[in-house]
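Given next, in structure tokens, is a single chain: the form predicted alone.
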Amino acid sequence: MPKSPEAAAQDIEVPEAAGGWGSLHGILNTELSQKAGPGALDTLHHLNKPDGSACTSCAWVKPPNPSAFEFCENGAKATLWDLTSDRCTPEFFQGHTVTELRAWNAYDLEREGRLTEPMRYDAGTDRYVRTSWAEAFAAIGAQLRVMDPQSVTFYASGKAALEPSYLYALFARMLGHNNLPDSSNMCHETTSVGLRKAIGSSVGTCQIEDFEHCDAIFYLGQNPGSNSPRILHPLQEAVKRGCRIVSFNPLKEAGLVEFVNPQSPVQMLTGKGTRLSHLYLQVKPGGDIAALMGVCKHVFGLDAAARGKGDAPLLDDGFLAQHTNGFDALRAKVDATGWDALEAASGVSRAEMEAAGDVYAQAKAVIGIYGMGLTQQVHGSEAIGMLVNLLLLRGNIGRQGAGCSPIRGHSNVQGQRTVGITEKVALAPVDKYRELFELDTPAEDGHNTVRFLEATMAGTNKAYIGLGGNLAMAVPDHGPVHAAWRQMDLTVHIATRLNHTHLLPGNDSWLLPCLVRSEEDMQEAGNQFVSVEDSFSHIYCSKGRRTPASPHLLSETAIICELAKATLPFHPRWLWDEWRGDYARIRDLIAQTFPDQFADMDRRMHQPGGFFRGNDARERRWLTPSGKAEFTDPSVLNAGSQDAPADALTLITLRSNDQFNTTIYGLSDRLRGLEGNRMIVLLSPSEIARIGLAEGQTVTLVTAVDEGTRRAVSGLQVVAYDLPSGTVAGYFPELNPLVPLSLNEKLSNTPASKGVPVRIEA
């Protein structure tokens, strides 16, 4: 007799629970490799606390009442990585050509440590050579002044604080362009457009206190154990008080199964953690739309049965009538879609979807959490819309313990968008720019990341300024993109460590080393505070305490100010020296530019827990054309590519728990039981047998769409893993060459890295 979905969920086994001693060992290994020194312990002690720096590893909350250790394994690794004692000096570059370094792997490049001095690329010797800040600013400014502004792109990685981000966007528009892509274009831009379409908000509606009151959490397409471990604490507390978590993910991720709290002596000593997922629906890639529709279908059935018996209805009729639009179209689509179609598209059984529907129906308050498993799909915005549909049925947006909560990766990627880093003119504060700076900004939308890459390959984008990050490795289509990247006239990198993007120099290329967030930022007014925004739209202060890695380093804010001074004409309202000298002046500008959200910012950001900038959808004010929350009628049942050949497998790219985006801390993926090799391809044992492969065999993955260009990654070792049929998994960014630039989300242009059709060549 088959087991119930609940019993099956309890049978899930993973190599190791999230947290526990493994987490501490991971931190220790990073400390031993980076030799950050005893001062790093003080930095960690103050991390995410009012008198310390905000963590750079994710955008989770900085609580008003922090625990003794307010950081996770990822945060500790990121901090120790920043505070390494290793130095990548000009002497290192004397011994290595750029061509030679390009063949190094990412881990070995970053192991060289912090960049210490500004460098310029010398094409004659194919080396980066020492330069001065004065020479760098003068040369870069001279080039930017004579270039067509529309041929210049300013990229932001998501780590820069609000102050430099505001100035960076301002600098771009003073130069004359809106080419302001950022890392959200690569991951959560689908939220910005999909969620806005449904509820009028481009960000989540929850607050951290909602996790204290929810009865159920629907958790989709996100791996907290590897990507956002700090969320495991409120999840654990929610489960302990009776909240039930329903997880949707193609992989059985440890962070969704069991958590051993490193701050719990009992759990650490006994090794017995908290089982997190009440149900675990192992959907196929892109199967969330069908799975959620199946949940809705069961809820509709339960509601009809209740009404038929004269019981209270399950749906919130009052909320639906007053606050929503489009319910009838969704209901008709759900009623017309059979269970067979939903099972085929989702990869899970009717019984599993009905069990999830029972959890939803029995809960008074439900939170929907999601990550890039939803956003990095061709129809990802429809998957987000389907999650919102489910939440709206019982009024689970805009009240205590309920709402939609996308999990952000970069620590300030949401905040950068808030203060003006956007390519969309409609989202930029153009009227305030005119009022404050006598600046008329360009009227045309600029480049997002995909459009920047297209323009680069077309030869029309001539310059790239990168505010952090390793964009060339994070993007799709490495072959043609990397070839075109080197043809740009100017590439400028504001960076802390060497990475592969720096090794694709344009005709003129510069490395400008900057401080990290945990280091002192001494300016004319003293050591400076900066501010960041978390996933809950709270603004916090952050202040570095460590001595900088080199006396030659400048802050991101200082570099932006000096580049702007060297590039732009004098204007009496463009006070770059004053803004550099005292960041409170920049916060005054932010408050004047966004008065409804940032009034009195410089004072309020020091409050315990920061300040909430507000969210209209949370207050049930729907900034949509109808003035109501919109039910959406999905056009597909699976969010993946509809053009994939019938014989294609679906590739999903992964991060290990020993990396942060493109930064590789080590070669251990202990939460999946994988060690020592990132050039692997994961397949279910049955899939390995069906294709006629053998575990350990070396294969090549080849893209199975847009086949006019061959995209392939070779030298991949086959590893057996518990995955849905037809599914392949492997690591980001190693498998990014397989993602066509044309394969992106329909509304947002986000690369569809969680749903790439591929074939295997033995």
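All of these numbers come straight from a predicted model, not from anything done at the bench. Sequential numbering from 1, following the sequence displayed.
Here the subject shifts to the form predicted in complex with a small molecule, a form of this protein not shown in this document.
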Within 4.5 angstroms, counting heavy atoms, which one of the listed stretches 451 to 459, 402 to 410, 590 to 598, 641 to 649 is next to the small molecule in the predicted complex? 402 to 410
Could you work out which of R580, K159, H447, R417 is the residue within 4.5 angstroms of the small molecule in the predicted complex, going by heavy atoms? K159
Quick one: from T131, T491, Q267, T663, grab the residue that has a heavy atom within 4.5 Å of the small molecule in the predicted complex. T663
Taking any heavy atom pair closer than or equal to 4.5 Å as contact, tell me whether N736 reaches the small molecule in the predicted complex. yes
Is E423 close enough to touch the small molecule in the predicted complex, meaning at least one heavy atom pair within 4.5 Å? no
Heavy atoms within 4.5 Å of the small molecule in the predicted complex: does L683 have any? no
Should H502 be classed as touching the small molecule in the predicted complex when contacts are defined as heavy atoms within 4.5 Å? yes
Counting heavy atoms only and using a 4.5 Å cut-off, do E253, G373 and R497 all touch the small molecule in the predicted complex? yes
